[in-house]
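Presented as structure tokens, the chain that follows is alone, the form predicted on its own.
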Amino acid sequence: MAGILIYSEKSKLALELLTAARLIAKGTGLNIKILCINSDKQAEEMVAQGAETYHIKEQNLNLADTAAVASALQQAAGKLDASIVILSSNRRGKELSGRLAQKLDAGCLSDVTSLQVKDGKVQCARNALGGATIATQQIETDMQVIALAPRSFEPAGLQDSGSLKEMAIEIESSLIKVLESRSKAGDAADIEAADILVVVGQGMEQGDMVLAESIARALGGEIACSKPVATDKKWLPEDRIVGLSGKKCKPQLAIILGISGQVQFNVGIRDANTIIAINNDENAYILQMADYAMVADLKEVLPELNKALGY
């Protein structure tokens, strides 16, 4: 029987993919298999989730070489008779999904935020028209590659112990030689995992950033921003951008300061449990989207809010 193959080099994302795969399996009857590459720890974690796990141990396979990883996945999909391959739609996963789809002659959808099975077909929801609407699409080819946006699904919970088998593949010579791979420089903040976010926009002045950051610290949260604050003003690093060009966040509380609420930003924060927005423009769209809205000058509000928080 054809099956579902899952792969992500990050265990947390792999568990999110496992949740989605179980939803598909429930509607299609397909078996689920997880692939790990050069990670004993991840393989053990997947087995603990009750997953049928396959581990490729090839030290010459560099995970930074997406062409080589795509080749490994192609071989694994063939060996395991997988008709659906599910990847994570992070930066590397997006590139990997396209390369793999080409190798498998498969249809491909990336940035999928939710899915359902209807009449045996996997229907995928994705942002369309720059995030202005949600489109429901499905792949018609026999082979399918689906890349899920991070945090679209909850990580899978513990189940009965699974199984672990090693898998051998042939390493193809690559035209690209990876000399070194290094993590992108940043401040190690994970705004996607934060329960509380204070998000600043162009309505802020640089001198008020200290106040916004102290509010975030007082609440035990993280500071984040709209794209221009990082790319144009360069007040914060790009890994703190919320929105279509940054990260999709689902905090319990989002305090949004000086952001008008363009659709490209809203898609990254609209799933927050509670949104508080402060803007001096009563017509700013973010005020309609917010659970609590205040039309006010940030220069007056921020000092008072810091005072109320004990700063």
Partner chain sequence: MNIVVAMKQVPDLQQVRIKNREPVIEGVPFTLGIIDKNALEAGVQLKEAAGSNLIVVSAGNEEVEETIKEALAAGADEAYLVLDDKLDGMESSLTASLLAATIQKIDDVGLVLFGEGSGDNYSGQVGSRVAEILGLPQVGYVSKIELDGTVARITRSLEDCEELLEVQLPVVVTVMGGINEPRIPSVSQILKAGRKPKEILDLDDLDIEIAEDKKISTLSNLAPETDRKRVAVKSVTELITVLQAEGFVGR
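Since the structure is predicted, the reported quantities are computational estimates derived from the model, not experimental observations. Residue numbers count along the first chain shown, from 1. By rigid core we mean the largest C-alpha set that fits within 1.5 Å across both forms.
Form predicted together with its partner chain: not shown, discussed below.
- The three residues 130, 239 and 253 all sit with a heavy atom within 4.5 Å of its partner chain in the predicted bound form.
- In summary, among the residues 206, 163, 181, 159, the only one with a non-hydrogen atom within 4.5 Å of its partner chain in the predicted bound form is 181.
- The contact residue chosen from 151, 126, 217, 233 relative to its partner chain in the predicted bound form is 126, the criterion being a non-hydrogen atom within 4.5 angstroms.
- In the predicted bound form, no heavy atom of residue 79 sits within 4.5 Å of its partner chain.
- Among residues of the shown chain, residue 270 is one whose heavy atoms approach its partner chain to within 4.5 Å in the predicted bound form.
- Contact check for residue 12: every heavy atom lies farther than 4.5 Å from its partner chain in the predicted bound form.
- Proximity of residue 66 to its partner chain in the predicted bound form falls within the 4.5 Å heavy atom cutoff.
- In plain terms, the part of the chain that comes close to its partner chain in the predicted bound form, with a heavy atom within 4.5 Å, is 137-145 out of 151-159, 79-87, 137-145, 206-214.
- Residues of 101-125 placing a heavy atom within 4.5 Å of its partner chain in the predicted bound form, in sequence order: 101, 102, 103, 105, 106, 107, 108, 109, 110, 111, 123.
- When two forms of a protein are overlaid on their rigid core, residues whose CA moves 2 Å or more are considered shifted, and residue 217 is one of them between this form and the one not shown.
- Residue 237: CA moves 2 Å or more between this form and the one not shown after rigid-core fitting.
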